[in-house]
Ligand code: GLA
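Starting off, we have a lone chain in the form predicted alone, written out as structure tokens.
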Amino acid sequence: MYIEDVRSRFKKHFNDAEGAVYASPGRINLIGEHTDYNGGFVFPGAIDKGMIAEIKPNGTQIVRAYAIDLKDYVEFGLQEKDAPTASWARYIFGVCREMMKRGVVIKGFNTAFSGDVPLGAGMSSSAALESTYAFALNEIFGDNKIDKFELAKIGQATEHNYCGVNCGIMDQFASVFGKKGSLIRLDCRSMEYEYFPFNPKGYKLVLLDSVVKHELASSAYNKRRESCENVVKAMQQLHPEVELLRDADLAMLNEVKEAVSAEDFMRAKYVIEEIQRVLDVCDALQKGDYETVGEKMYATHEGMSKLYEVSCEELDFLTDVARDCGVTDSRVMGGGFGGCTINLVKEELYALFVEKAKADFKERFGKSPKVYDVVISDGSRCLIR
């Protein structure tokens, strides 16, 4: 019904013949938060929730875009001066501009899109939108000249240059490269990646949305990135080979403890420990050792809450409920400042956990968390040509 809905809205809104339909997923990240822009490892997977867009060239130099879920319509040209003011439209405009910078001759098109990635829940609805249009416009206008790595970078550059978010590459990479039944360990410095089968028998992957909306474009995100860069600069006085926190260890960090602020020290400590946790989780998964996976994920939450300070009372509460219910692993997922916890739950505990989390959360905060079961799925693709 989802594809049919997008197609019917496209036809109704533009009174036009059918175009091509493309999709890209949102993502979860099992572990490895705020490591990407520090050159470390992340461990994401695409999910069965994403964005779908119908697109058809219109023979002009104008993009006509309809956001079905927002019931909002925008037209814009393709030059820098034509940047739209609507935040959602800037993602599409940014992708167009970034592709044009890479030599693709983008022309006007009609498009309507819809998604089932919850906004502000940490599943990267923006990356799903960017990846959908990067993948689609490459096929429609680019003769497939741009490889998938560059498509992910186009999404990232859109965030940097048109949306005010100095993000890493993980979200767009996972959206483009996703593979059903597999997580991807990505080395964010070398861009080498490896698929790890992820079909935990007897477990369910569930996200609990705190319904606290985060804004990654806030100064808080960029401030943490600056903290990491400050520590690297201090380390370089003693260790010139350190280019990113990926190159550092806790001993190096302790050497510069007096040279950096207490806040910067905490931020760097979290990142250095988190980079190692990703590798530990990959090793544990290969052995089928989900208990160790769980210990590491709980440790990630503790670090994000106490050291990186990107959790919040609601997310800490949901993680505590998970621990009390015997959930194997639980932590805040995504950039933080709200959003979801990600939980790997034994099937026999699932109903009890979800029921208790909803009831206890409502009693404490006056509203119920939203519950999203997710399945690891494929990345950017064409659905109908």
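All residue numbers are counted from 1 along the displayed sequence. In this text the structure is predicted, and so the values were computed from the model without any measurement.
Keep in mind that the form predicted together with the named molecule is not shown, yet the notes after this line are about it.
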Query raised in the report: Which among 288-296, 163-171, 131-139, 248-256 is in contact with the named molecule in the predicted bound form, heavy atoms within 4.5 angstroms?
Result: 163-171
Requested in this report: Report whether the minimum heavy atom distance between K49 and the named molecule in the predicted bound form is within 4.5 Å.
Outcome: no
Query raised in the report: Just to confirm, D36 within 4.5 Å of the named molecule in the predicted bound form by heavy atoms?
Result: yes
Query raised in the report: Quick one: is Y221 in contact with the named molecule in the predicted bound form, heavy atoms, 4.5 Å cut-off?
Result: yes
Query raised in the report: Even though the named molecule is not shown here, does G338 get within 4.5 Å of it in the predicted bound form, heavy atoms only?
Result: no
